[in-house]
Each structure stands twice: as C-alpha cells, then as structure tokens.
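In structure tokens, one chain follows: the form predicted alone.
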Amino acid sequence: MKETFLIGQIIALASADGGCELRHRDDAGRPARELEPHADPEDAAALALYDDAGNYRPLKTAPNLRHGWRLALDGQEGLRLALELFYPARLGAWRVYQRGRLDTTPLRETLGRQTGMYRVTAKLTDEQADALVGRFCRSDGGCLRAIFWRRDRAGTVPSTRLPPEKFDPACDQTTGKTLAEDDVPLICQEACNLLVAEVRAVVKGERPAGE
C-alpha cells in the first residue's frame, strides 16, 4: 500500500515516525490537536460502534462512521487489525478478489438456505427484491460495499434502482469518483444478515420494500 490510501470512510496517512495514522476521511486536513487521540489498534472496535449522534451501527460498512478521532499505528500488523475491526472481513475479500478467486452467492440462493424464522424470506418476489435492494444497499445512506452477487443464477442484476457504479469496485462509493490504484474498495460477495432480516420484514408485511 502507498503512504496514503482510502478504504470506505477511512483515510490512512503516513506519520513522521514511519508509522501510519487512520482518520475519518473528512478529518484528513484537520489539525491533530482537534482530534481524539488513540494508539491501540483494538480501539477501532469502539470507534466503529456508534455514529456521530451516538446511535449503534449494526452495519459497519454503512456510511455513518463517526468523526473526530485519529488512530496512530506502528506497523502493518496493527494496521491490518484496526482495519479488520473497522470493516470486518473486507481486506480478506479484496485480496481474494485480486487473485481472481472470489466466490459470490446469488440472493435467491442465500434466501433459499434460510431456516427457522427466516425460511419465509424465500417468498420474496422479484418486484420486492428490486425495491428492497435498491433501498437497503444504496451507497447514499445504506452500505458502501460494491455488490458482486446477483439476484439469481441467471445473473439478474440485484436491483435496477441502483446505478452501475454500485457494482464497480473501481468506483469510490462515498464520492462516485474513481478510486486510486492502491485504495481499497469494500467488496460484497453475498447478501448480509441484515439484508436477510430486512427481507423477512418485507415478506411479512412489517415494512415496505422501497421508499
């Protein structure tokens, strides 16, 4: 990785002592004295827990990472641990994709293997799927991952309501611009548990599929 790179809402900056400092990308230019200092990579878990308003963040790739902190790290091991806590399993998914070995699972297959109280998710209609994925997974207010899975084995696009950039790992999901060579995109290879839970609510009529 180069001295400065982006991953989701985080920017990594080279520090004067040869280490690395992570910040919210919106805080990249702020004086260090204005930011809450941290030096333990495990502090990332707490920093990722709540948004600016103090609300719990169940989805770590949602675009609501809180501001106002800086995390100083000594080496690559600490960097990897911190990023793993900010964005669980995303570094691994990116490495597998780079090697051309990323396995993806269609939404229908994910829903079809659900059991118990989630078995009902298999009844999701195509119209509901189109609206729900378009609402729940959008980068603006939903999730910053680039979607690689499809709706079914036929390769149907997950939602016609999402722009083509949502399926492009070269696109910075926070800005819509092209990522630099060493920036790290957030990859989504399978519908997450939170989306499956939302599918259940839609199928049971507890929530509308779209806005």
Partner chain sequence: MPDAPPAHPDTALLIVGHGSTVNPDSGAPSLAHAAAIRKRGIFARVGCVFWKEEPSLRDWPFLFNDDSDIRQVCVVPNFISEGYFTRTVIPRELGLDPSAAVTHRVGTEQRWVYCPPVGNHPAMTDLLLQRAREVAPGVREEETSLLIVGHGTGLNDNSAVAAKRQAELLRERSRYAAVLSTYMEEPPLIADWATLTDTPNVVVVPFFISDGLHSYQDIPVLLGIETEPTASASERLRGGEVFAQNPRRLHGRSLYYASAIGTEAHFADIIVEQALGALAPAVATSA
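Residue numbers count along the first chain shown, from 1. What you see is a predicted model, and the numbers here were worked out from it, not measured in a lab.
The form predicted in complex with its partner chain is left out here; the points below concern that form.
- Of the stretches 152-160, 167-175, 63-71, 38-46, only 38-46 has residues with a heavy atom within 4.5 Å of its partner chain in the predicted complex.
- With a 4.5 Å cutoff on heavy atoms, N193 counts as touching its partner chain in the predicted complex.
- By the criterion of a heavy atom within 4.5 Å, Q128 is excluded from the residues contacting its partner chain in the predicted complex.
- At a distance threshold of 4.5 angstroms between non-hydrogen atoms, A122 is out of contact with its partner chain in the predicted complex.
- T115 belongs to the set of residues with a heavy atom inside 4.5 Å of its partner chain in the predicted complex.
- At a distance of at most 4.5 angstroms from its partner chain in the predicted complex, all three residues L59, G92 and Q189 contribute at least one non-hydrogen atom.
- For the stretch 77-106, the set of residues having any non-hydrogen atom within 4.5 angstroms of its partner chain in the predicted complex comprises E77, G78, R80, L81, E84, L85, P88, A89, R90, G92, A93, R95, V96, R99, L102, T105, in sequence order.
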